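In structure tokens, one chain follows: the form predicted alone.
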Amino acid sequence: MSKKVFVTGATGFTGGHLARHLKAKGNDVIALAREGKDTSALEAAGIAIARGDLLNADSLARAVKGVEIVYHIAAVYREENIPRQTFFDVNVEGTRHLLKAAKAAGVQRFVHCSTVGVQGEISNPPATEEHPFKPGDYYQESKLQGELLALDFFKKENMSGAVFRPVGIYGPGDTRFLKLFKFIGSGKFRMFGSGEKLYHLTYIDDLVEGIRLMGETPSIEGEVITLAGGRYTTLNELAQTIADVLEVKLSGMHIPVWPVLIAGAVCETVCRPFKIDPPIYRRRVDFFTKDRAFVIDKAKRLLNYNPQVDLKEGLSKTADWYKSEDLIS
């Protein structure tokens, strides 16, 4: 049945895909957008725009009137030179404002987007939702606080709500993995470390269907559910699959991690006082040194979640989009 739904973060990658997916499913979709944000693509898809801001409680109260389901995707993500407090203002206090507005408006279900980053590096992978918290930066700390805030609010206010943690989101329209594709395509890619660390990707179409199910599946109040792709892989396999998709030969060279960590520390120290982005971050080395692998049994059991896009197909579709946008040759 068609429902009136509200999506935050719809001018971003995941929120935009979600808003369009919900609209395609026959829902009446309203997207929150700050003043000045380009919403032309959303409007072309028949999505209504509510101008507002997570830090403006009055704008949220107006935006959610008559809404049945709230999908809260918006967040301040990792970028250099963002003050620490900004993460907590938006990812925690902004969430609090939206929860209160949704409760006052009689919203039937509140779906909150967290991140598997709240669990940090995964020891003894793959991890379930019960794996201990171990946030590693301001972003992850703020998302953990936002997740706990939402769960506490659902319980105390007797509000129907649930939390999902997405894993390694990718697909056409996103550029987070563009550098990896570029380096592999150019033949310049070198693996840092052994390449046997585990990584888990989630194709965007699978993810947004999982998020939709979070909003429409009954009897999941107060649950925390990981949404991820059908399987995880080693970094060696991931790099080789991208090389296969791009039809290039992958270098088998491996580079020790420690020199890159030292170079990253130096670059960060030199660049930070001048508020410029360092060419090398230590955090980027985390990709090569930390396991990221998760169990999705809970999503399958409670949501009937069933990822459809396998890794090679998803990477191929992503590469095709990069090529169509002249981002890679």
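Here the structure is a predicted model, which means the values were calculated and not measured. Note that residue numbering begins at 1 and tracks the sequence as displayed.
The form predicted together with a small molecule exists for this protein as well; it is not shown, and the discussion that follows is about that form.
- Stretch 66-74 is the answer when you ask which of 299-307, 268-276, 66-74, 285-293 has residues with heavy atoms within 4.5 Å of the small molecule in the predicted bound form.
- At a distance of at most 4.5 angstroms from the small molecule in the predicted bound form, all three residues Ala10, Lys143 and Ile169 contribute at least one non-hydrogen atom.
- The shortest heavy atom separation between Cys113 and the small molecule in the predicted bound form is within 4.5 Å.
- In the predicted bound form, at least one heavy atom of Thr14 sits within 4.5 Å of the small molecule.
- Remark: Val107 does not count among the residues lining the small molecule in the predicted bound form, judged by a heavy atom distance of 4.5 Å or less.
- Although the partner is absent here, Arg62 sits far enough away that none of its heavy atoms falls within 4.5 Å of the small molecule in the predicted bound form.
- Screening Arg84, Lys156, Arg190, Arg176 for any heavy atom within 4.5 Å of the small molecule in the predicted bound form leaves a single hit, Arg176.
- Site annotation in the predicted bound form: the residue of Tyr232, Tyr203, Tyr139, Phe181 reaching within 4.5 Å of the small molecule with a heavy atom is Tyr139.
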